[in-house]
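As a starting point, one isolated chain is supplied in structure tokens, in the form predicted alone.
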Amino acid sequence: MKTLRLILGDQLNRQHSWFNHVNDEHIYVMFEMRQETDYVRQHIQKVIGFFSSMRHFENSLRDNGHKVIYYRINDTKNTQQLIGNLKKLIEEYQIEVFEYLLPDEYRLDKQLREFCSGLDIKTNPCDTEHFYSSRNELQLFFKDSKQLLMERFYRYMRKKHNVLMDGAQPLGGSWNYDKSNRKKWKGQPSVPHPIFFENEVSEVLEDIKSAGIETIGHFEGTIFNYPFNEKQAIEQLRYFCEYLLKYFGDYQDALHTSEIFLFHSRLSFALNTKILSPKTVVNEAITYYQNHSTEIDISQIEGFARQIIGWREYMRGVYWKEMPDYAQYNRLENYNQLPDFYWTGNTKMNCLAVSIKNSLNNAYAHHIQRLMITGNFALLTQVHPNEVDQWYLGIYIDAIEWVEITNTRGMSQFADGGIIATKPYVSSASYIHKMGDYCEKCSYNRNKRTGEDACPFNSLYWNFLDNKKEYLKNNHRMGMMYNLLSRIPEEELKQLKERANRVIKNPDLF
């Protein structure tokens, strides 16, 4: 039967069983669409990355004998809408069966379910064959639990998939070495130059420009350094294993003005577009560790595996358990606007200036920059989580809603009231100084809480705790901080709140 098979831009899994055999009755379709470039303002490098990777994938399918219909962004046949394109092709090619890979974004899943319900031909949603867990596995695992503790799910995944296990026990004797993963990087060991690829993207750039797509961020030249296909992604993975893995765990939370990537793998784009399988990543890293166990401590490999088999799978499970309601949560009732400097990096606060400019220049920031710098400031200034979501979803090359919204609205902004995080991830300047050198080159004094040269994070922190104490006072993990808050003299707290409110009302002056 003549079958139309849809592949979305984040479903570039060359190892999928769909492609094991060539069938002349199967037509694969892929679309570059304004529907996807315009629902948030995207970083120019994100649009380049997705379009280029999709075109590489199209070529690989054709080279292997598959029939492919591919609409580029400026194709005259392109309606720029998913359903419009599908309707035209089903009619034009007299399609008898429509199949699609299950989307990982709720909005697309809903769109395709509604579309299929109105078709009079056979339809078939298929698994993407990418993740370790199924969509509803987390929900079933926690069906009798009040809390969705990641650590429990992580241990379950380790056991089920035999990852870093010694029989029934964790390899090395501990499940989690997170306490070993919090070192400040002080210039040593030296950081190897990150692996970059010489991917020519002038044609894609011209297509984006001629289509009039509005983007954010920067891109210079025509050479793009992210991997566009599985071969390049595996090369990047092996580079990480050989040069970075032995220090990854130690410094995964570190911050530094002179290092953008430190010892991070930069594999998230390849993973989230499904160019690279998480099982390939974990297996390759563990094999390398096993072959070099005298050089690499177990805390390094466990810290890396935890990000993929733990957090990544956990966040996806929470997403499918809680959507669509999750996208509306604002439990702390924050309603302020995101400061304008999130789009420029023009602020005197050095930690924010460095993190935001890195994001604008590279479409990248590692998890502590996202959580404890940009996310921390947004929460302390009580920005509406919708605005924070939109910024994170647009600015990062690896941002797809299933992983972005759970990390942003949940982990970072505590807008879900504690579904993911057991407490808000907020801090004063002390944590930022503890983990990096941003404070050393800042206009503000990290040690001062009030005064014109006092670090804004300090007054904002105590103001936030005071403003949200009715909601948070019974959170046992916040007990020590609320005890400290109660000891601040009334006059000093008043000065702290006045300073904080000046920052909240006019953040772009700071």
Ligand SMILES: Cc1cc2nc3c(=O)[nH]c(=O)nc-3n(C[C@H](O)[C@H](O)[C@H](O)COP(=O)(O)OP(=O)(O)OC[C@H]3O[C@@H](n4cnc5c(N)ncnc54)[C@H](O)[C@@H]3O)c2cc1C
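Bear in mind that the values here come from a model prediction, so they are computed numbers and not experimental data. Position 1 is the first residue in the sequence shown; the rest follow in order.
One more form of this protein exists, namely the form predicted together with the named molecule; it is left out here, but the text below deals with it.
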Which one, 181, 199, 268, 362, lies within 4.5 Å of the named molecule in the model of the complex by heavy atoms? 268
None of 435, 82, 400, 323 but one has a heavy atom within 4.5 Å of the named molecule in the model of the complex; the exception is 400
The named molecule in the model of the complex: contacting segment from 300-308, 69-77, 169-177, 111-119, heavy atom within 4.5 Å: 300-308
Hey, in the model of the complex, is residue 404 touching the named molecule, heavy atoms inside 4.5 Å? yes
How about residue 195 - does it come within 4.5 Å of the named molecule in the model of the complex, if we only consider non-hydrogen atoms? no
Give a yes or no for residue 158: in the model of the complex, does one of its heavy atoms lie within 4.5 Å of a heavy atom belonging to the named molecule? no
Determine whether any heavy atom of residue 426 comes within 4.5 Å of a heavy atom of the named molecule in the model of the complex, and answer yes or no. no
Which of the residues spanning 370-398 lie within 4.5 Å of the named molecule in the model of the complex, based on heavy atoms? 370, 371, 392, 398
